[in-house]
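Starting off, we have a lone chain in the form predicted on its own, written out as structure tokens.
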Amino acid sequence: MRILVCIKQVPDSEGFITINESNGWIDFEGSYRMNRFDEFALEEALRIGEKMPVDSIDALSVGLPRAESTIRKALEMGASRGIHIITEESSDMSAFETASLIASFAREERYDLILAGVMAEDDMQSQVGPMIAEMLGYPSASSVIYEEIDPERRTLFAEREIEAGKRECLEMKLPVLLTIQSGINRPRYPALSNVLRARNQEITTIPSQSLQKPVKRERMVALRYPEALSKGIVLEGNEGEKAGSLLQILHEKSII
């Protein structure tokens, strides 16, 4: 069995983001890290590898040269191979373009299982995984919170979250693509042996221009900060006066 895990490098939430009016995109001051949802996907792949024979667990990222650090983090966690589809420095890729590049690579590799996080923390679109499945013709399930593989029948049983706290159960023939929900497992800390191995392990680099380039389907029209819907009120006075003012506001708004 061959497993591919799609990982993404995202800005750390502690950083500072501003909109660049000149190029219509963002400027970020801070560090980058692996998308937390993808950590659950990678951990699930590693746990599968501990339960049954797996030929390889490949970690793939599409992004700028700096994404190499995120791929090395995946190797430190236990991935067998790191793959980096390098994009141009100025590129702002849509979910469709990212999925097209990954599908173009994975089509020749013939993976039995492809895992991805349920969404990326930066854009929260949840589109790349399902698009890859459609392009490859794989059956897929999103928001998976439990999975089990039957290697003899080459089937995968999955439970996914749906509305109202319910679960949908699916059985699919391999190859399959799953997007993994947070909480399915607890991502591990890298073992020292894997950290030492990852330092010098070669990462397979693929220029995005060498893969099948999709026709661009969308463009960024505008990027702006959300409008403030209401302003906060600062209450003045001592504790008793503030309490009285707050009580009056709550009465006026029919809250109490």
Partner chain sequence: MYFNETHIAFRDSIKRFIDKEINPHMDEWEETVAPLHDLFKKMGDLGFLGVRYDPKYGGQGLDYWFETVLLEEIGHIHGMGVATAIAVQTNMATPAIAAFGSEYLKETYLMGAIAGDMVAAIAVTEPDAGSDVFAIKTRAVKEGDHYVLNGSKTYITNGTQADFLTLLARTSDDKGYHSFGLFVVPTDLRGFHVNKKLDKLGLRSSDTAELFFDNVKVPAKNLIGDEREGFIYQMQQFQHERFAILPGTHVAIRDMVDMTVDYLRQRVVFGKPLITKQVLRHRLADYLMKNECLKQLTYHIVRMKMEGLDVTREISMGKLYAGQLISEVASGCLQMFGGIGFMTETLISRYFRDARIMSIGAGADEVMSEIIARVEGF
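Numbering follows the first chain given and starts at 1. On a predicted model such as this, the values are computed, not experimentally measured, just so you know.
Although not depicted, the form predicted in complex with the partner chain is the subject of the following passage.
- With the partner chain left out of view, the stretch that reaches within 4.5 Å of it through heavy atoms in the predicted bound form is, among 97-105, 127-135, 154-162, 69-77, 69-77.
- In terms of contact with the partner chain in the predicted bound form, the residue from 199, 224, 51, 216 that brings a heavy atom within 4.5 Å is 199.
- Shown without its partner, this chain lists 26, 64, 195, 206 as candidates; in the predicted bound form, only 195 has a non-hydrogen atom within 4.5 angstroms of the partner chain.
- Mapping the unseen interface onto this chain, residue 167 falls outside it, with no heavy atom inside 4.5 Å of the partner chain in the predicted bound form.
- Though the partner is left out of this view, residue 39 does reach within 4.5 Å of the partner chain in the predicted bound form, counting heavy atoms only.
- Among residues of the shown chain, residue 173 is not one whose heavy atoms approach the partner chain to within 4.5 Å in the predicted bound form.
- In the predicted bound form, at least one heavy atom of residue 191 sits within 4.5 Å of a heavy atom of the partner chain.
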